[in-house]
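Single chain ahead, by itself, as structure tokens, in the form predicted alone.
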């Protein structure tokens, strides 16, 4: 039995801890804040899981495997924190993200439904797409209820013997050991570092070149005539060339709008405050696609920080008995349990460090 030391109690850190104890190892998780940490990238009402990944079909394969990993999580937790609303991407050009996703689905044998004209309008009357628009609806897909998952996963891990230490920030790394901000040295047989946007500051010589971003999402109240359409409709992955997305108000959550255009270079020390007026900028990114956009009422903003370079490929790097997880952005949540399983399998010698790195980068999912 090994002692797995884990820095970070987000979805990856807790998933590593769960995978470790399921294989008979001991695990200790160190978290700089509380658990769940409202400043962590894993803590929000929901995160999207969907099969659409453009031309990156290895990630589509990974999502298929991730659904299996989530089924194991639901069995452990005794509750299913997922709504299969379906996920819809809308195409307006022959080679846009949606069209590339559809081509990948065809190659991989993934089922989907094509919606055009009246069918698309019936499903999404709150949208006003071009007449030529084509929707690609795939299942399973929809919101993972992130804050509920993190809270229940932490409780499960603690009940299984995982030691979770809150308010224990890691200040330095020494092999498979860490030194906390209070000067305490804590050692493990292996160390997994999953501290999100705090990694470049923790290890600037190795990861300081990786860019960190501030992402602000907004929760909104839609016009009354569109409430049912949002509540009963799918998650929206992308609308044409606009990098916007939505998660429906399911299971007591609120309607969430996001926009890739609203991402800014910044590190966590810039703070987590956001004026509600910022929500108008996110709503505006939907442009003419959104009917009656001026009648959407912003409720609140959710600010998170991510590490993400131009490749947008996950990085899992091993250095001796230490494993670093980074380049995550908001996409990693859906893969959390699967990543936890793969990391522990690698630490148990079932796959090489190089294979783990290639797999995380979407280069060997098959």
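Computed from a predicted model, the values in this text were never measured in an experiment. Residue numbers count along the first chain shown, from 1.
Beyond what is shown, the protein has a form predicted together with a small molecule; the following relates to that form.
- Stretch-level contact check against the small molecule in the model of the complex with heavy atoms at 4.5 Å: of 54-62, 293-301, 23-31, 316-324, the positive one is 23-31.
- Within 4.5 Å of the small molecule in the model of the complex, a heavy atom is found for every one of 48, 194 and 202.
- Within this chain, residue 329 lines the site of the small molecule in the model of the complex, having a heavy atom no more than 4.5 Å away.
- Residue contact with the small molecule in the model of the complex: residue 67 places no heavy atom within 4.5 Å of it.
- In the model of the complex, the small molecule lies farther than 4.5 Å from every heavy atom of residue 190.
- Though the partner is left out of this view, residue 170 does reach within 4.5 Å of the small molecule in the model of the complex, counting heavy atoms only.
- Exactly one listed residue, out of 217, 137, 237, 73, brings a non-hydrogen atom to within 4.5 Å of the small molecule in the model of the complex: 217.
- Site annotation in the model of the complex: the residue of 82, 97, 286, 198 reaching within 4.5 Å of the small molecule with a heavy atom is 198.
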